[in-house]
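This document starts with one chain, in the form predicted on its own, laid out as structure tokens.
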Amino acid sequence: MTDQAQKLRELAAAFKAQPRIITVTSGKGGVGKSNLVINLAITISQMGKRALVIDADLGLANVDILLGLRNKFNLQHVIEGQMKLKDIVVYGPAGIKVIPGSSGIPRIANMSSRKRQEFIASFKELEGEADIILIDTSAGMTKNVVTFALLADEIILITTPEPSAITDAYAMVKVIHTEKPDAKVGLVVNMARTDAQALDVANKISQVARQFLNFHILVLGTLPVDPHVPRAVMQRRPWAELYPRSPATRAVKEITARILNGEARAPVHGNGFIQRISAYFKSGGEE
């Protein structure tokens, strides 16, 4: 009986240590992806969850710049074997943790299959570090982006009403569906001039995905055009912290609430992030 109780305690501890992994991506650059990640992390922390951001844009990282952080080390040092992930964590506003990415290093952005696998394996170090880990990917459909999307519990896809952004967002949906038909994808429409415009964009993408792919996309919400956003960017501060009553902050809080309210977790013996990393390598990872 004592042994059984101990095993139950160990199981409960392991369950609590499993972070919820959310990959935030986009088909096109310039749609506000990194800003969404940062402000989601701020509001997640304000709502009582431990948030950690991984800037996995391995070519043009900018999360640390947007937050005004001073960091000596970044993912380049991890990928090159000089540091471990835990060693490069820095603290941002509202108590969020940040793993800074690297910028302007072509060999990091275009790392080999072996290096990518080693990098993914190092994510095991993050067990117990956060309740929710947000992965900010680069834009587009590179192998790095697709890999981070497939390993996540869920994916947030961000787009704008711009036609090319909508087209590229749907292209990303097709790639995700092909690689992982049971993926959980949430959509955020940014920079909409009106609620009607945002709803129209969201409906177009979700209806086409349902009609041609039989794939369901959850509409998480919209971020309006808000002058507070560029002001916050210029000050290198998150708008959710700097302007707590702004329209953009109200919107990101609503999105965060939807994310947290849908916090269904698989059993620890099921398809958790650490288990998916193991499965990734058992299957060969990639060609």
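Values in this document were obtained by computation on a predicted structure and should not be read as measured data. Note that residue numbering begins at 1 and tracks the sequence as displayed.
Below, we turn to the form predicted together with a small molecule, even though it does not appear here.
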| query | finding |
| --- | --- |
| Any non-hydrogen atom of D226 within 4.5 angstroms of the small molecule in the model of the complex | yes |
| Non-hydrogen atom contact N35 with the small molecule in the model of the complex at 4.5 angstroms | yes |
| is_contact(P230, the small molecule) in the model of the complex, heavy atom dist at most 4.5 Å | yes |
| G29: touches the small molecule in the model of the complex, heavy atom cutoff 4.5 angstroms | yes |
| Segment that reaches the small molecule in the model of the complex - one of 211 to 219, 188 to 196, 75 to 83, 88 to 96, heavy atoms within 4.5 Å | 188 to 196 |
| Proximity to the small molecule in the model of the complex, single hit among I135, A202, A165, A139 (heavy atom within 4.5 Å) | A139 |
